[in-house]
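Single chain ahead, by itself, as structure tokens, in the form predicted on its own.
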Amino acid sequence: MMRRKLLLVLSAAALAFALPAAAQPGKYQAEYRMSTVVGTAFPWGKGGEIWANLVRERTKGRINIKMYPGASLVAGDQTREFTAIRQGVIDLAVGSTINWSPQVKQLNLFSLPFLMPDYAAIDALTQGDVGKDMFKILEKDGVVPLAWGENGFREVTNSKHAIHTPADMKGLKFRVVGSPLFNDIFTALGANPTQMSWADAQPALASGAVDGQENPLSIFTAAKMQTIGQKNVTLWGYVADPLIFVVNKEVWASWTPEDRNIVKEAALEAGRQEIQIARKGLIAPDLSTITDVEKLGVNVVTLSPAEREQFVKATRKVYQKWSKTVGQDLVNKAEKAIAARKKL
């Protein structure tokens, strides 16, 4: 009997020794790596910084997070970020639904053209049942999602002329993110899309190798895109880019329940603050961000309802095609949530 107990104890000890450190609760790393695509000059990177600081402060340094902007942990290839989180190359991330959509097809929901007409529509999805469904999907795909943030509505810019209708985009070369959905959208509008990372996009715009791009105004102002030829902005709000605060599954399991709760609450608070930063100056009556862009000598076009409808019609087949990829039930649920929203 004593021999059997001894064998059980030895077996348990051997098993514990064999498990990777990240799988043993209470075994902490000296430093945890957080990935973001942009740095702290942008709301996105600022959200990561807020999260890291809150966690460090509230855990009294037990969890020390270092930010790696520029998607540097994946050599700048932001579309590889989600896979790297699952593999443990990245410990935490504040990631883009667009960048992760090649691996998680349901995230293409947020990139369906002209699905979300305003910020209240984004909130109706991320803060409602659709957002909960997305988190369940991400959990099944091997990461721990904690909170939503926001990169914002993506507006189109170019160096050639003002854009009011799809005809104005014909023949223009636009940098787009690495998702085939964006290729389909810009092709449907008569433009020539070319996929490249954000790091490659800036010199391409500066040299004139590409004519334009699409990004939130917060990216435009922080990157000073008026200095690289982007003199025309059209506010069309064709897609929005929610961000997601996540942790690698094994890293999450390595923390005590108390510290997991601290990390989650810090993510929720950082997400709320980041969304406020991302929307600052973009919602009436405070439109100061738009005014600031105009003061830079940039021509800012706000589409009329009739002009916007032309873009909606031109991309409708793309919407229908990609709804099947996302899952029609999920798309229907999103459409109903948006229809029932309370406008800001």
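Only a predicted model underlies this, so the values are computations on that prediction, with no experimental measurement involved. Numbers follow the displayed sequence, beginning with 1.
The same protein has a further form, the form predicted together with a small molecule, not shown here; the description that follows concerns it.
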Notebook entry, point to check: Counting only heavy atoms and a 4.5 Å cut-off, does the small molecule in the model of the complex sit next to every one of Ser96, Asn99 and Val177?
Noted result: yes
Next item on the list: Flag Leu112 as yes or no: does it have a non-hydrogen atom within 4.5 angstroms of any non-hydrogen atom of the small molecule in the model of the complex?
Entry: no
Check: So, in the model of the complex, is Ile219 in contact with the small molecule at a 4.5 angstroms heavy atom limit?
Finding: yes
Notebook entry, point to check: Might Tyr119 be said to contact the small molecule in the model of the complex, defining contact as any heavy atom within 4.5 Å?
Noted result: no
Notebook entry, point to check: Does the small molecule come within 4.5 Å of any heavy atom of Trp44 in the model of the complex?
Noted result: yes
Checklist line | Stretch in contact in the model of the complex with the small molecule, which is absent here, among 148-156, 254-262, 128-136, 165-173 (heavy atoms within 4.5 Å) | finding: 148-156
Notebook entry, point to check: Of Gln230, Thr234, Asn248, Asn215, which residue is found within 4.5 angstroms of the small molecule in the model of the complex when only non-hydrogen atoms are counted?
Noted result: Asn215
Next item on the list: Work out which of Asp211, Glu274, Asp91, Asp241 lies within 4.5 Å of the small molecule in the model of the complex, going by heavy atoms.
Entry: Asp241
